[in-house]
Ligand SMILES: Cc1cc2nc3c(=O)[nH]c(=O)nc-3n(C[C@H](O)[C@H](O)[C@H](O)COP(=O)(O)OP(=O)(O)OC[C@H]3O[C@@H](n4cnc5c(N)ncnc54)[C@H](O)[C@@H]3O)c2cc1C
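A lone chain, given as structure tokens: the form predicted on its own.
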């Protein structure tokens, strides 16, 4: 009998398995696909020699995770690469606002009073990151560092639009912040969307926005190698349909969302709990594009050519309008596009002289619309001649993303809406959000606190709860 069986080999499933294996537990990870990784997979999606990250690509939370950073993953093949510029945000005047590791450099690029406001606020938050993580990446929004938490929380509870307009007078800083907050996949007028912009900004200054050499698969593979070195077992190609088919174990940890859990548990869950799980809210989806290019993207602004990530969306007003359209079930004519250029630091992704480009935009839940034209129009707007470099492309609608990864319900890569009503109560309000009415069955996916992102903290916290039942000491 295993001490724990984990279903799903995404960052949370692997984090849970590693935590328990380090404590001496006998663990088995079961992965439905042929390769491990969940959202951390890299594959040849276009032409020979081009390697593309299928889902996640840039991992600020991987470097900033209180758990992942304790793992000796460098000993198992993981190498983090830091782009010269973590992020650039192009504007229609041909310039771009760059987000550097150094908050002072970022402020200088913004210029004027807005630049000084950015430097002062973000330097303070970046310095406080280690003290804020217990609340930001924990199961509850509590922190012993009350002053730091209050400084962050008062701003974080605001809408991104209100925060940007209240804090900054000019469009450059407002646009930069809007691009960061756009990762919330919610209208920027909604409460607490400022929190996403603040977290991603402080992470850029605290740890950077790194990429794994060779692709996100390298992070998953390093975690699996370490897990196996600890005695853990991993089996791929086993798509679990029902809990009853799992091998005997003292506990089961499921890196899946509520909809999948309802199906796998059958009639074993109490009616009231089933009803609450059925009411769990999923958000908009993503439309994903991967390009094989004949050369680097010809961005007009030089900062974009050296940036690992480029936020393509224009002004605060434009990004807010596009995200609002998506939320209400419409496809934006000018979508906010998130683009990643691994080739600025990783020559292994494409043949010599050529490049890959990773890009996605937000779309309504379960959309089957091909947004390739709209995405390419946005990129061409800031990089004239981009289309002439395209050798091949791979496109996935929101429905196709769901088919690829069962956790991406309707194309929702966050495992459910992350707002004030469903942040720390996901998937349902319980004393331990990872527990279920089935005493030895636990949830450890991004549908539990602290939510989406490659940080492994959902799995870590679930494993800690399980460890208490196993009576294994830290």
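Residue numbers count along the first chain shown, from 1. Note that the structure is a prediction, hence the values are computed from the model and not measured.
We do not show the form predicted in complex with the named molecule, though everything after this point is about it.
Per the 4.5 Å heavy atom criterion, the named molecule in the predicted bound form is contacted by stretch 30-38, the sole one of 66-74, 43-51, 420-428, 30-38. Contact annotation: of the candidates 104, 240, 345, 262, the single residue with a non-hydrogen atom within 4.5 angstroms of the named molecule in the predicted bound form is 240. 401 is the sole member of 357, 401, 379, 198 with a non-hydrogen atom within 4.5 Å of the named molecule in the predicted bound form. Candidate site formed by 9, 58 and 406: every one of these residues places a non-hydrogen atom within 4.5 angstroms of the named molecule in the predicted bound form. Interface membership of residue 20, defined by any non-hydrogen atom within 4.5 Å of the named molecule in the predicted bound form, is ruled out. Contact check for residue 450: every heavy atom lies farther than 4.5 Å from the named molecule in the predicted bound form. In the predicted bound form, residue 466 stays away from the named molecule, with no heavy atom inside 4.5 Å. Looking at residue 286, you'd find a heavy atom of it within 4.5 angstroms of the named molecule in the predicted bound form.
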